[in-house]
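Given next, in C-alpha cells, is a single chain: the form predicted alone.
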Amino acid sequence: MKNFIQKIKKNYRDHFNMTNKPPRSISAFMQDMGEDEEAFKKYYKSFSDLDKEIWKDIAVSTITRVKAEDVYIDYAVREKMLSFLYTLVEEMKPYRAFVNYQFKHKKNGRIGITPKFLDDFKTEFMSFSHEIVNEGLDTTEIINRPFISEKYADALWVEVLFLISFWIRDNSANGESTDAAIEKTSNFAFDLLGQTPLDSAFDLVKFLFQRK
C-alpha cells in the first residue's frame, strides 16, 4: 500500500514537472499509470486530498531533516527557524511546478490567509512553531508580552507564506534572493519577538511609576 501511494505521488509530481498543470482527470491520470480510477479512490477522494497530503509530506520531511541535524539541539531559536526555512526551500525544489501552480491558482491571494491545500502543512508547522516559541520564551530569546505572545507562532506562519510566495517569483541565480530574504525576514521577525527599545522604554516607565 505504501509503495503504491508513493507511486501515485511521484507520478503526480512528474506530471506537473512535464506539463505545469494537473492531470485533466483522475481516470486519465490513473490510465497513464496503468491502473483504474478505483485504485486512486481507495486512498483519495480527489486531487485536492492528494495536494494536501503532498504539502503535509513536505512539512514533515522538512521538520524531520532539521531536527536530525547534530547541531540542532544547540541552535538558538532564531537559528532553528532559519534552518527550517532553508530546508523547506530544498524540500520544495523537486515540486517547483506543483508549488507554482498551487499558489498561482489559490483562491485567496492575501498574505496571511492560508489556502485550503496548506491546512495539514500548517498544522505540522504550527506544532514546530509553538515548540520554538516556547523554547525562546524559556531562554528569554523571545520576550513574553501580555496578549501578544500567543500570536507569535502565527506571525512565523505568515513569514512562511511570504517566503514560499517569494521563492516562486525568484529568478536569481541559484535562488540567492530567496536566501537573502530568508535571512532578512527571520532577523526582522526575531528582532521584533526579542527585546526591543520599546520594551526597554516600557520597563523604564514602569520602574519610574512604581517608584512614585
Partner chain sequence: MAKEIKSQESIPASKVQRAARFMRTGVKVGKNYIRHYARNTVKPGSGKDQLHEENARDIYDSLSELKGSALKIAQMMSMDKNMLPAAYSERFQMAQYSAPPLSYPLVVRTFNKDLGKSPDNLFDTFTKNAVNAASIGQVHQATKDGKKMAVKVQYPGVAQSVSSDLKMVKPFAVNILGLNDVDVNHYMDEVETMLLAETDYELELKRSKEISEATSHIPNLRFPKYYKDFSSRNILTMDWLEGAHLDVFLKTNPSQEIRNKIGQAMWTFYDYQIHHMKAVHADPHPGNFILNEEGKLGVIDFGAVKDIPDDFYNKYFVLLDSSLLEDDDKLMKVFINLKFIYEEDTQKDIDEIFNILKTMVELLGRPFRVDQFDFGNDDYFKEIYEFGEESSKAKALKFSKKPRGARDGLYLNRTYFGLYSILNQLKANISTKSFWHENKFDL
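Numbering follows the first chain given and starts at 1. Computed from a prediction, not measured in an experiment: that's the story for all the values here.
Below, we refer to the form predicted in complex with the partner chain, which is not included among the displayed structures.
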{"item": "Listed range touching the partner chain, judged in the predicted complex by heavy atoms within 4.5 Å, from 98-106, 126-134, 85-93, 113-121", "value": "85-93"}
{"item": "4.5 angstroms heavy atom contact with the partner chain in the predicted complex for A28", "value": "no"}
{"item": "Heavy atom of D154 within 4.5 Å of the partner chain in the predicted complex", "value": "no"}
{"item": "Partner proximity in the predicted complex: A68 to the partner chain, non-hydrogen atom cutoff 4.5 Å", "value": "no"}
{"item": "Contact label in the predicted complex: E79 to the partner chain, heavy atom within 4.5 Å", "value": "yes"}
{"item": "A180, I143, V60, I168 - the one with a heavy atom within 4.5 Å of the partner chain in the predicted complex", "value": "A180"}
{"item": "Candidate site E176, K184 and N187: all three near the partner chain in the predicted complex by heavy atom within 4.5 Å", "value": "yes"}
